[in-house]
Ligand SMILES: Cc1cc2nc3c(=O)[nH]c(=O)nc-3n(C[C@H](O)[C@H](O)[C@H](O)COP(=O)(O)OP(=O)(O)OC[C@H]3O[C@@H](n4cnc5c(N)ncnc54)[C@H](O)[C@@H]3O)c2cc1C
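The data below hold one chain only, encoded as structure tokens and taken in the form predicted alone.
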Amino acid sequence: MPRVIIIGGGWAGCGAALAAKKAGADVVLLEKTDMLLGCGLVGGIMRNNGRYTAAEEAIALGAGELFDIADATARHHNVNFPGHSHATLYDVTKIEPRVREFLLNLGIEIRFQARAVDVKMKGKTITGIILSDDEVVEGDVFVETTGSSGPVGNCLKYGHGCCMCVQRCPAFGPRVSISKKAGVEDLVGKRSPDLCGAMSGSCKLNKESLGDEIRRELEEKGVVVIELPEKFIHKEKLSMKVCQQYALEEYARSIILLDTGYAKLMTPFFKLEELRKIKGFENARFEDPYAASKGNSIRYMSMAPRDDFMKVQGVENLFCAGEKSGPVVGHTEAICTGILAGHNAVRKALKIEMLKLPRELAIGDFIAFVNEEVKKPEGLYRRYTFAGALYFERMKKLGLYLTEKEAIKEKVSRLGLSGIFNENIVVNEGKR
């Protein structure tokens, strides 16, 4: 049985672990902190705009379990907010234990506080991952889903300084680029010719610190939109956001809150001093990160060049997914790239043809399109998501944006891919 090692326990790593296990591998998931889901612990938005199509494609392909868990822990379904339709808002305070239990019940070994710091190589093949305590975790194939933040110093050099974001580097140690340790030069996202990376804008307010009227409306409807007085409108904040699908003028002119268990503030970098001058926010406080008025995390500093199978170029047995695989934004994008990486890791170990998802599917087109874009000079300045901006416009133009479940299932079936991620490749290959 091939042994697949996943490095990084965010949504992409969970997707890769799920797919590799279903394909028949022995799977070990290494996570540097004490919880899974990474940025998914402060996010909470799924199925908005084109993400609905991608989620239903993943379900039809046979790897929909993580979307099912998100749906089951949702506080609100079918929510509309400026620029976005039919969103699901999962409860960020409840979802991690459910994902953890699900993966453990599948038989996946999860090792927490296991920080990868280096690799053991034989030629261009990784033979093991070296942890911070010098233990070596050996495997046949490896999937890197460590995200794209660089060393902690980048948060000072390019951002506003570390404010203890959800990646919690000061407590659990900084992230290390596995692909770079394996000898591959990383791609670096840009904000301008002189500035690297991008500033994450995800942050939460303590719901109990808000006024009663705001809290009631938020819990009832899932969304609250409050127009701002002119003196509190700072459009320059929009250019700092990672999530270009939310860099719309409405997000500067209004406070937009979503109920994800906490009150998710969709316009970040709001000075607390200013926020408390607005009715209903007199006692407001940031919940995660506590320094959200200043900033969050610097990302897109360390992405691996890869092919459309999700294999890292230049290393024989390393795959990647999520932000590590390009300037992609969002939980859905992480899961979808993760399931293909995990599935193909098993195919690679068995030396059988790897799977490339066709461009008739939104997921297949997204993976190929992002790969083409990052090779262009302007590609590293952009962010890509099913939920908005450049790629969602492309989905609509090409007819890839579908919201009818049956139509999506029929398309996947017509392509001969129904339930392909359910196949235990290891067992089936053994019978041949």
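Quantities reported herein were computed from a predicted structural model and do not represent experimental measurements. Residue indices: 1-based, along the sequence shown.
The protein also exists as the form predicted together with this ligand; that form is not presented, and the subsequent description refers to it.
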Shown form pocket vs this ligand in the predicted bound form, superposition, backbone/C-beta distance 2.4 Å: blocked
Of Ala263, Ala116, Leu357, Ala198, the one that lies within 4.5 Å of this ligand in the predicted bound form (heavy atoms): Ala116
Going by heavy atom distances of 4.5 angstroms or less, which of Gly388, Gly379, Gly62, Gly43 would be at the interface with this ligand in the predicted bound form? Gly43
Non-hydrogen atom within 4.5 Å of this ligand in the predicted bound form for each of Gly342, Lys348 and Ala368: no
Location of this ligand contact in the predicted bound form, chosen stretch of 20-28, 406-414, 419-427, 7-15 [non-hydrogen atom, 4.5 Å]: 7-15
Is Asn296 one of the residues lying within 4.5 Å of this ligand in the predicted bound form, judged by heavy atom distances? no
Given that this ligand is not shown alongside this chain, does Val329 nevertheless sit within 4.5 Å of it in the predicted bound form, heavy atom to heavy atom? yes
Taking 4.5 angstroms as the cut-off for heavy atoms, does Gly50 touch this ligand in the predicted bound form? no
Answer yes if any heavy atom of Thr73 is within 4.5 Å of a heavy atom of this ligand in the predicted bound form; otherwise answer no. no
Which residues in 18-39 have a heavy atom within 4.5 Å of this ligand in the predicted bound form? Leu30, Glu31, Lys32, Thr33, Leu37, Gly38, Cys39
